[in-house]
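Next up is one chain by itself, shown in structure tokens, the form predicted alone.
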């Protein structure tokens, strides 16, 4: 069995860096958190992730599908129905991204106070 190279996100040429860049994207994080509750249709995802445009949601879902984090289910109905769902790999992101979201909610007052203090010194 061939030995895999050591991956290091701090190295510019490491392929793991592109994965981290994708995961660290704000829309990716919100879509993964939204899909953690189960399959969703595009319009429901867009309503859940307030502020995301249809174009950005489409691009985000395509990127997540390409990376194996989301699967797309198409149903032969009239009108056509499409649902998105986290894959097993995508579900492994739920805990860390949910933790980041919770941290942001829990500490926003401190962050806002720090911003205000910083801005007052400028």
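Residue numbers count along the first chain shown, from 1. Values in this document were obtained by computation on a predicted structure and should not be read as measured data.
Keep in mind the form predicted in complex with the DNA is missing from the figure; the text below concerns it.
> So, in the predicted bound form, is residue 94 in contact with the DNA at a 4.5 angstroms heavy atom limit?
Heavy-atom contact with the DNA at 4.5 Å: absent for residue 94.
> When the contact criterion is heavy atoms within 4.5 Å, does residue 47 count as touching the DNA in the predicted bound form?
The answer is no: residue 47 has no heavy atom within 4.5 Å of the DNA.
> Though only this chain appears here, would residue 66 touch the DNA in the predicted bound form if you measure heavy atom gaps against 4.5 Å?
No, residue 66 stays farther than 4.5 Å from the DNA in the predicted bound form.
> Considering only heavy atoms, tell me if residue 81 and the DNA come within 4.5 Å of each other in the predicted bound form.
The answer is yes: residue 81 has a heavy atom within 4.5 Å of the DNA.
> Output the sequence-ordered list of residues from 15-42 with at least one heavy atom within 4.5 Å of the DNA in the predicted bound form.
Heavy-atom contacts to the DNA in the predicted bound form: 26, 27, 41, 42.
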